[in-house]
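Same chain, two versions here, written out as structure tokens and called structure 1 and structure 2.
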Structure 1
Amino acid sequence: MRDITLGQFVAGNSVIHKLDPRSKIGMMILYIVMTFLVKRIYFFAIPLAYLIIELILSGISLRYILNALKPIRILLILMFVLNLVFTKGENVWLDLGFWQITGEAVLQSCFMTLRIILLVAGASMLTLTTSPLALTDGLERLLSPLKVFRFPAHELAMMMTIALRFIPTLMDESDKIRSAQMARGADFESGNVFRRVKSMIPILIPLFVSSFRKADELAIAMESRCYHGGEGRTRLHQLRFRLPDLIAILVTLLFVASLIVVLVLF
């Protein structure tokens, strides 16, 4: 239970860490565009190079990226196998009689799997180098132009912040309630699926009750500190767009441009 890490943040002091979250979100969007523009497997070299440079600059160990990939390993394997089975081709590498593995299929499998790996690795670079608070802050600012269309940018960001803040608390709480019910002889491990789902009720109900109580208390605490929505609220940490941000965005655009050139030429 404790090992669930959603968008785990690794504190640091690198250039990447210090970038404005807005630029980092923008850079990630450009990076995603890059991975989708790639049409042939060896063109992945460009987003890959970009990712490696970012990784080195951020000083984050490769282990964290691999950890982020761990939960989707089943999905990756499945993607690989499905592409291997369903891609048609002429260039037969291996003939098993009922099933032929073609060169095209292997290439396609590697291509799709690599794309997913690069996407997830790039997205986790964002969450690894940006604290959840900075991230929601950046998102709020990026979305705030949409306020003219009555889009609740501030409310959305606040909700995300609160949700992120309470994930560890709820994990702790569910651990505690689980222990208490186990001490009363509750059994969460045996029986069929239906029984097991039913056995979760003694955990889920106290968890909901305490979530509502916490939400209530939090609302009171926020109001008593004069929170009244985003209107006219000033910030402790002002977001600033600085020279490194400009450079980072320009470099990213350079990568996108070179990818487009390569795509057009070859």
Structure 2
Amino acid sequence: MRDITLGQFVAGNSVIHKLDPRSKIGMMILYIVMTFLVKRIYFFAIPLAYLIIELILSGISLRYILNALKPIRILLILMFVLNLVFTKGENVWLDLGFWQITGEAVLQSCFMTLRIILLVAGASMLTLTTSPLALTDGLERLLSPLKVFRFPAHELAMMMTIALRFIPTLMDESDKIRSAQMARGADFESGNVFRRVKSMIPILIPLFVSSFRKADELAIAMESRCYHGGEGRTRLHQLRFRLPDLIAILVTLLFVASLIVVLVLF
């Protein structure tokens, strides 16, 4: 649980860290589009190259990205197995009588698994290089045109950022509760699946109580600082779109265009 990086911010002075949060959100959206445009597994080389370049420029350790994949390792295995079982094909690699493993099934399993890995890694790069406050400001500014339709842009951005920010806090809290319960003799490792799931109740109940308590404390702290939503709110740091932001967006668009050209030609 200590290794979970979703919602975690790593302070730095790199080119990626200095970009406007609106630019990084736009780059993230383009990266997601680029990932879903891929139709063949070898075309994943383009979004993978983009992710590697971003990782190098940000100075973020690869360990953070690998840690972000740890919580979904069961999902990745399940996704791989399901595609391996239900994908039909003609190129049979292994015939077990009741089940045939085909080359098409293996390729599809690797394709779907790699897509999820790239999406999670890209989302982690956004939160690792953008502080929660900057992410809130960026989301609010991007959603501000919807205020014409009375859309609560500030409130939505605040809720999303608080949710991301409290993921590491809640994980750390659950780790502490688990250690305390184990010190009292609780067993979370032995027994069948149903018994192990039932043994999680002593963790979940205190975690829910702690979550509501933290939410109440946060609400009181915000009210004591005269927080009343986005109306009339000023900012210490104003967002400015600079030349590096333009270059970053253009480079991302270049990768998307390159992928589209490759898809059309091949």
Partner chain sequence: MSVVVNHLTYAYSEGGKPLPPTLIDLNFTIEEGEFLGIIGHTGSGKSTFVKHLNGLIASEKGVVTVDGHDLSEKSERKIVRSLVGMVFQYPEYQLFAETVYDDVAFGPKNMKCDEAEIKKRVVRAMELVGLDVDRFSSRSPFELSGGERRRAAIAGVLAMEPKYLVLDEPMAGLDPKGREEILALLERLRRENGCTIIMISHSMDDIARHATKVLVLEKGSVYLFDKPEIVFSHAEELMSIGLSVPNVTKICIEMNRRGVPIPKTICTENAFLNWFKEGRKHA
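In this text, rigid core is short for the largest set of C-alphas that superpose within 1.5 Å between two forms. Numbers given to residues start at 1 and step along the sequence of structure 1. Nothing here was measured: the structure is a model prediction, and the numbers come from that model.
Of the two forms shown, structure 2 is the one predicted alone, while structure 1 is not. Relative to the superposed core, residue 173 undergoes a C-alpha shift of no less than 2 Å between the two structures. In a rigid-core overlay of the protein, residue 161 has its C-alpha displaced by at least 2 Å between the two structures. Taking the rigid core as fixed, one finds a CA shift for residue 215 of 2 Å or more between the two structures. In this core superposition, residue 182 moves its Cα by 11.0 Å between the two structures.
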